[in-house]
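Shown below, as structure tokens, is a lone chain in the form predicted alone; questions about how it binds or moves come after it.
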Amino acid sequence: MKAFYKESFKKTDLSVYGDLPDPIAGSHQMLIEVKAVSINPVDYKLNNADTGFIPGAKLPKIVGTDFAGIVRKAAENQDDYKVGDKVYGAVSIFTGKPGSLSELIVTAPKNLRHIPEGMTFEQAASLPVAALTALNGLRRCGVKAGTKLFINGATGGVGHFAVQIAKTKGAYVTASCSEANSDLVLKLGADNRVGYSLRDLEMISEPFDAILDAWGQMKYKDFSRLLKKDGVYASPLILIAPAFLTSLVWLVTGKKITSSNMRKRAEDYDEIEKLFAEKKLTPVIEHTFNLANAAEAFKMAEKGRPRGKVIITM
């Protein structure tokens, strides 16, 4: 099979496109023919990193997390999926197991969802990490009807989903993005748009109930100033500050700092799929590459400031 994989643990050695043996599914595993994969920051960060730190890491290491495809072999003793079913989901790359950027993958049934009627492989592949991260971030922020919410990086992978989901919850959304993306962020439903530079942030005077930093680049002095007392700041990046420090901030200022990583419970997928079916959540996909050009796709995702999601098709 064709795949995009790391041949070395060295940070300077990026992934390559080439041939690898087809995986063999065990009796309790699913064999999936992959049709589409989306790229997330975690994917290109792993691609650029020394991956020897991953428990059980071994070479070659296929990268990629999200996927959508077709069941080619079903696991025994389960009735949820059969051969020919269209499915999507996400695999963990922080293990010795392969990622999703290959023509075939093996995974457990628990990592799968049926692709809903009317959803393409590309749309399905765009959802797991980014949409579920956005949903969890809004949950952590306590977003509800009337919440004054600031979304930083509102036209990226997580951000463009967050804007749409927040509006379905009745929030008043102020979104930061470039001038070139103003049309998109307003089309997604944002009530107000501001620039994303430090100067733009300094010009905001009215505080917010919550901030979802989808870009993960805000400084403490900025988000602290922009939060009301008892406000919440959430970032999809893993917060490296020790728990006692974030607790101290809360005790002194009444403002909460929290991490909003992906949560993939069945009810989370249900909510995302329901919003899609109701046409209240639409993935933005402007850049699609084939697997042979995966290296270009990674450059676009990391350096090109894409609107929405970057997709790789098989």
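Throughout, we count residues from 1 along the sequence that is shown. Everything quoted here is computed from the prediction, not taken from an experiment.
Note that the form predicted together with a small molecule isn't included here; everything after this is about it.
- Contact annotation for the candidate site: 178, 214 and 305 all lie close to the small molecule in the model of the complex (heavy atom within 4.5 Å).
- Per the 4.5 Å heavy atom criterion, the small molecule in the model of the complex is contacted by stretch 256-264, the sole one of 22-30, 256-264, 285-293, 272-280.
- In the model of the complex, residue 158 approaches the small molecule with a heavy atom inside 4.5 Å.
- Shown alone here, residue 196 lies within 4.5 Å of the small molecule in the model of the complex, counting heavy atoms only.
- The small molecule is not drawn, but in the model of the complex it has no heavy atom within 4.5 Å of residue 60.
- At least one heavy atom of residue 152 is located within 4.5 Å of the small molecule in the model of the complex.
- 237 is the sole member of 83, 203, 237, 145 with a non-hydrogen atom lying within 4.5 angstroms of the small molecule in the model of the complex.
- Proximity to the small molecule in the model of the complex, defined as a heavy atom within 4.5 Å, singles out one entry of 129, 112, 119, 210, which is 129.
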